[in-house]
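What follows is a single chain, given as C-alpha cells, in the form predicted alone.
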Amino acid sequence: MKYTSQAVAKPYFIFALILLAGEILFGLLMSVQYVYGDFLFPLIPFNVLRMVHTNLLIVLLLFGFMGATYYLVPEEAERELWSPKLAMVTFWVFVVAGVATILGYLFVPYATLTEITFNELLPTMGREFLEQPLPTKVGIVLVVVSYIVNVSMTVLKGRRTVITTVLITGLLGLAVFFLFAFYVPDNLIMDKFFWWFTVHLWVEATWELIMGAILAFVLIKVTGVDREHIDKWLYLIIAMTMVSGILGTGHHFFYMGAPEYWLWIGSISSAVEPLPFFLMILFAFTMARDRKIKHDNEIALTWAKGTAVMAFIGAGVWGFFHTLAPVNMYTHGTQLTAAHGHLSFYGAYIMIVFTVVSYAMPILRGRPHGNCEKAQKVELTSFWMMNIGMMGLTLALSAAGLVQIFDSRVGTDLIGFMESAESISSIFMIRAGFGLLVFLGLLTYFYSFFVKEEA
C-alpha cells in the first residue's frame, strides 16, 4: 500500500462482499419459491424477496465501485485521498441507509413504507429497481455527491491519467442519470422512458466506464504493460461503449407505444453493443500475453481475464440473442430476459469487484505480493465454482424462457402462463441447484482469505 488513505477501501470491500452473500441467499430463496410457491409465504412473499434481491445488487456494486475508486485514485493521482474522513463518514451513512431500507422492505408492508417515508411529498416509489423510499434516494444522492467531490479533488490536486478521467466521467454519469429516479410521469409510456434513462444508462453506459477504468488499473499493476498501450485500448473500448450504449437504450422502447423508429435505432445500435465487450476480451488477453512482469498475484489476473470473457458472454452474446425487435417481440419478459440479466450483471460488475478485491485486499492486509499460493488455489476453485454455477443457471433460465415462448407465444396450441410455469418447474429446480453452487463458491472465496501457507 503506497498511500495510507487507501485503507478506507477495506471496509467498502468487506461490506460489498457481505451484501453479495445476502443477495445470493435471497436469490436462492426466490428460486425455491419458483418451485414451491408457498415457501415462506406469507412471511416473505416473492415480491419482497425480489425487491431485496435486486436492491442488494445495486447497493453492493456501489460499495464495490467506491472501494475500488478509493483504492486506485491515490495511486493514479500520486497523492493521498483528499479527505479519508469524508470517505469513512460516507461509508457509515450509506451502511445505515442501506440496512434500514432493506429492513423496511422485509418487515414493513410496502404501502405502509410509502406513507411513513413521505412518498406523498414527491412520489418516487413502486418502480422496479428504484423501489427505495424518498429519504433513501436523497441519501444516495448525498453519498454519491460526496464521493465524487472526494475523488475529483484528489485528482485535481494530483496527477491526471486516462484511467481517472474515464472513471470520473462514469461517476458523473452515475450521479446525473440517477436523478431521473425522482421524476415519475403520470403517463405510463413516459414513465418507462425516464425509468430506462436511469436503469439502462447506468448498466449499459456509465457503469461500463467505471468497469473499464478498474480493469485497466488492475491490468497495469499485474502485467507491467506500458500505460500508453493500455490507454489506447481503453479509449477505443469506451468510445464504442458510449455510442452503442446510449443509442442502445432504444431496445427497451419496442412495442410500448413509442414511435416506430425506435425499432430500427434500438435494433441496429444494440447489435453493435457486443463489440466493446469483445474488444475487452482482446484487451485483457493481449495485456496478459505482452506482460512485462510476472506478478505473484496470479489469481487477480485470472479474475481480470474472466471478467472480460463473462461480460462478453452475458452482456454481449446473451443480450444479442433477444435484442433485435422482431425477436424481442416474442422473448420480452420471459426467463430469457432473466438469463441475460443474471449473467451480464455477474460477468461485467460482480466479477470486476472480485478482480479489484483480489488484487487490493491482500495489499491492504499487508501482503504486497498477494495471498500465498495455497490461498490462491482455493480462490481459483471458488472462481470456477461461481463461473460454472452462473453459466449453468443462465442455461437453465434460457431453457425455461424458450419453453415459455413456445408454450405461450408461438404456434396455435398455446397455453396460459400458470400452465407454462408448471411445465418448467423441473428446470427451475436445476436453476436452484446451480444457484447453490454459486453460493458455495462465494463461501469458498471467503475461506481463501483465511488460508495460510504451511510452514
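Just count from 1 along the sequence shown to find any residue number. Keep in mind that this is a model prediction, so the values were computed, not measured.
The form predicted together with protoporphyrin IX containing FE is left out here; the points below concern that form.
Counting non-hydrogen atoms within 4.5 angstroms of protoporphyrin IX containing FE in the predicted complex, say which of 206, 358, 344, 164 makes the cut. Partner contact (heavy atom, 4.5 Å) among the options: 344.
With protoporphyrin IX containing FE left out of view, which of 421, 405, 57, 44 would have a heavy atom within 4.5 Å of it in the predicted complex? Of the listed residues, the single hit is 57.
Looking in the predicted complex, is protoporphyrin IX containing FE within 4.5 angstroms of a heavy atom from every one of 5, 63 and 299? No, none of the three is in contact.
At 4.5 Å between heavy atoms, only one of the stretches 329-337, 156-164, 224-232, 169-177 reaches protoporphyrin IX containing FE in the predicted complex; which one is it? Careful reading of the contacts points to 329-337.
Using the partner position in the predicted complex, report whether residue 31 sits within 4.5 Å of protoporphyrin IX containing FE, counting heavy atoms only. Close contact exists here: in the predicted complex, residue 31 approaches protoporphyrin IX containing FE to within 4.5 Å, heavy atoms only.
Although the partner isn't part of this model, could you tell me whether residue 20 comes within 4.5 Å of protoporphyrin IX containing FE in the predicted complex, counting any heavy atom of the residue? Contact with protoporphyrin IX containing FE, yes.
I'd like to know whether residue 110 contacts protoporphyrin IX containing FE in the predicted complex, with contact meaning heavy atoms within 4.5 angstroms. Because no heavy atom of residue 110 falls inside 4.5 Å of protoporphyrin IX containing FE in the predicted complex, the answer is no.
Can residue 128 be called a contact residue for protoporphyrin IX containing FE in the predicted complex at 4.5 Å between heavy atoms? It does: once protoporphyrin IX containing FE is placed as it appears in the predicted complex, residue 128 has a heavy atom within 4.5 Å of it.
Note that protoporphyrin IX containing FE is not shown here; using its position in the predicted complex, name the residues of 276-296 with a heavy atom within 4.5 Å of it, in sequence order. The stretch touches the partner through 277 alone.
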